[in-house]
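Given as structure tokens, the chain that follows is alone and in the form predicted alone.
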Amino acid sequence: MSVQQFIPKPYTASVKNGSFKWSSPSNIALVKYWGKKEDQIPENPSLSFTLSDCKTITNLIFSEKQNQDNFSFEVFLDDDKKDDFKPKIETFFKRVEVFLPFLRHYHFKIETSNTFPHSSGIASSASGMSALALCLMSLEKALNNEVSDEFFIKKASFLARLGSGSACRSLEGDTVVWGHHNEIKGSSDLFGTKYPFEVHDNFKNYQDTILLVDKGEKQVSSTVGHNLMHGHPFASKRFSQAHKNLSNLITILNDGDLDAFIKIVESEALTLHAMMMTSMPYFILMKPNTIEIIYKIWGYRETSNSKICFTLDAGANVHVLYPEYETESVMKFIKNELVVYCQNGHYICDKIGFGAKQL
């Protein structure tokens, strides 16, 4: 599909006011995307597990207005007005206006809440922007009832990407790919797509316990980090590596090879942070307790023959991944040996989920 296909024809219906409500989850990338081109296009493909319980719930209330010169909206998080969220939403509206030409026709009240703490290291931009995109697509569908379910999800993912790149992977589940890959038919740089191949039972209902090492704001934003990949001395090798790792994961996910899965997932996490440490300017988002947790996981895996592993987003917090059948033993290990490295002992238990839902 091309960008032009997301520009709508004149709407056939009118809607004066109403509301739409969606919940959309966060996701955790196994193959990381780091570095992007213009218009939120990724430099390499990524693959993620959709989460289940870490999600954003957004209620979009809209009413028709006369003056169409400007965007008109207000944002609330947990019933508190958040004017500091407005610049990001306005930037998003400007990016998507050509695809949603009704945006200036309404005043919007955006009511949002997360099932996880803000700045907890969970990708709230992914869940938040995907939930908002779905609400806006519900309004477009009300204005044009010829929008098919398949097109609805594709365009919502396309729009979410323009708000936050990883948001395009949050609409469906349980495994999503974003970015063109030669071996994955239908994969696209423009939107996320449901992973099309067989996944072994070993990976069904996979668990993700997020250890909150540092709940503060990151010293370097992901946007800045992505831009530092322009001219990075190892960028081209990294992009090739991501393509190769995704190719290998296709076989691994089909065969259920947990040991091979661990090697790729942990290598991807450490490579992501290696790119940060070798950019110019360089920076480190891991904390000492991040490193301590990684060593503890390696030691536990060696002595117990567990299939536990870790991955990291662009931050200090650690996602502990493990098969469902290990839940009892791994949780005992986490409580006994890892919680001490978490800020205020906080962690979040989640698992693979199946995408967004209209409420």
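Because the structure is predicted, anything quoted here is derived from the model rather than measured. Just count from 1 along the sequence shown to find any residue number.
Beyond the structure shown, there is the form predicted in complex with a small molecule, which is absent from this document and is the topic of what follows.
- Against the small molecule in the predicted complex, the set Thr115, Val318 and Tyr347 makes no contact: no member has a heavy atom within 4.5 Å.
- This chain is displayed without the small molecule, yet in the predicted complex the stretch 219-227 from 186-194, 219-227, 68-76, 253-261 comes within 4.5 Å of it by heavy atoms.
- Although the partner is absent here, Gly173 sits far enough away that none of its heavy atoms falls within 4.5 Å of the small molecule in the predicted complex.
- Of the heavy atoms in Ser125, some are within 4.5 Å of the small molecule in the predicted complex.
- Remark: Ser166 counts among the residues lining the small molecule in the predicted complex, judged by a heavy atom distance of 4.5 Å or less.
- In the predicted complex, the small molecule lies farther than 4.5 Å from every heavy atom of Val177.
- In terms of contact with the small molecule in the predicted complex, the residue from Leu103, Leu272, Cys135, Val213 that brings a heavy atom within 4.5 Å is Leu272.
- Tyr33 is the sole member of Phe49, Phe62, Phe310, Tyr33 with a non-hydrogen atom lying within 4.5 angstroms of the small molecule in the predicted complex.
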